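One chain comes next, on its own, written out as C-alpha cells in the form predicted on its own.
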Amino acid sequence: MHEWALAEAVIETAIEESRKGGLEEISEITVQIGELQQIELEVFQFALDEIAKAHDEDSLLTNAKMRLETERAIFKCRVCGTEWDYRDTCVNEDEGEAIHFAPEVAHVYVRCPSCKSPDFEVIQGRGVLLKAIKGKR
C-alpha cells in the first residue's frame, strides 16, 4: 500500500511546485517510476486520480491528467564495466520483492553476465521522480 503514500507525496509536491511556478491550472503531471521500485501501476494511477479529486477544492487539479513512465533498470559492473538490463537477470518474483524492499540484497541475487561479479552499481531504474508538470499561468 505504499502506492498511496507515494501518490500523496507526488500530488503534494506537484501542487507546491506549480504554485512556485505561478500555474493556475495543472493539465498534466508526468511521473517516472524506476523498474526496481516495483510499484503496482494500476493502484498507483488510481491513487493519483483519487487524491487529485480530493484536492479539487484547489481547482488546480480539476483537469489534470496523470501520466506514468517506467524507467528500465540498468546495472554496471564495477569490475569489468559491462552494463546490463534488470530484465536480463534471472531474478524470480520473491527475489525481486526482496530487492525492492532492501536494494542492497540485489548483490546476493544478481551477478554481472560477463565476469559473474556481484560488485555492480544501479545506473538507472530506482525511485519515483516527478518528471514534468504542464499547466496554464
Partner chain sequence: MVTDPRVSVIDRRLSGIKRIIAVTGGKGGIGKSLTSSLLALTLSRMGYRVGLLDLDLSAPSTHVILGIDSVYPKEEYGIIPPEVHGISFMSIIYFTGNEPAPLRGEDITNAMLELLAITQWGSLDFLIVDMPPGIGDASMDVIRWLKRAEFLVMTTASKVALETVKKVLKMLEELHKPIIGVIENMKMRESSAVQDELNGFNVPILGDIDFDMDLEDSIGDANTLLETDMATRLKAIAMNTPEFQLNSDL
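Keep in mind that this is a model prediction, so the values were computed, not measured. Residue numbers count along the first chain shown, from 1.
From this point on, the text means the form predicted together with its partner chain, which you will not see here.
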Open item on the list: Quick check on this chain: which one of Glu69, Glu42, Glu97, Glu83 has a heavy atom within 4.5 Å of its partner chain in the predicted bound form?
Closed with: Glu97
Task: Contact test in the predicted bound form: Arg87 vs its partner chain, heavy atoms, 4.5 Å - done: no
Task: Partner contact for Lys76 in the predicted bound form: its partner chain, 4.5 angstroms, heavy atom - done: no
Task: 4.5 angstroms heavy atom contact with its partner chain in the predicted bound form for His107 - done: yes
Open item on the list: Test of understanding: in the predicted bound form, would Thr13 fall inside 4.5 Å of its partner chain by heavy atoms?
Closed with: yes
Open item on the list: Under the 4.5 Å heavy atom criterion, name the residues of 104 to 137 that approach its partner chain in the predicted bound form, in sequence order.
Closed with: Glu104, Val105, His107, Val108, Tyr109, Pro118, Asp119, Arg126, Val128, Leu129, Leu130, Lys131, Ala132, Ile133
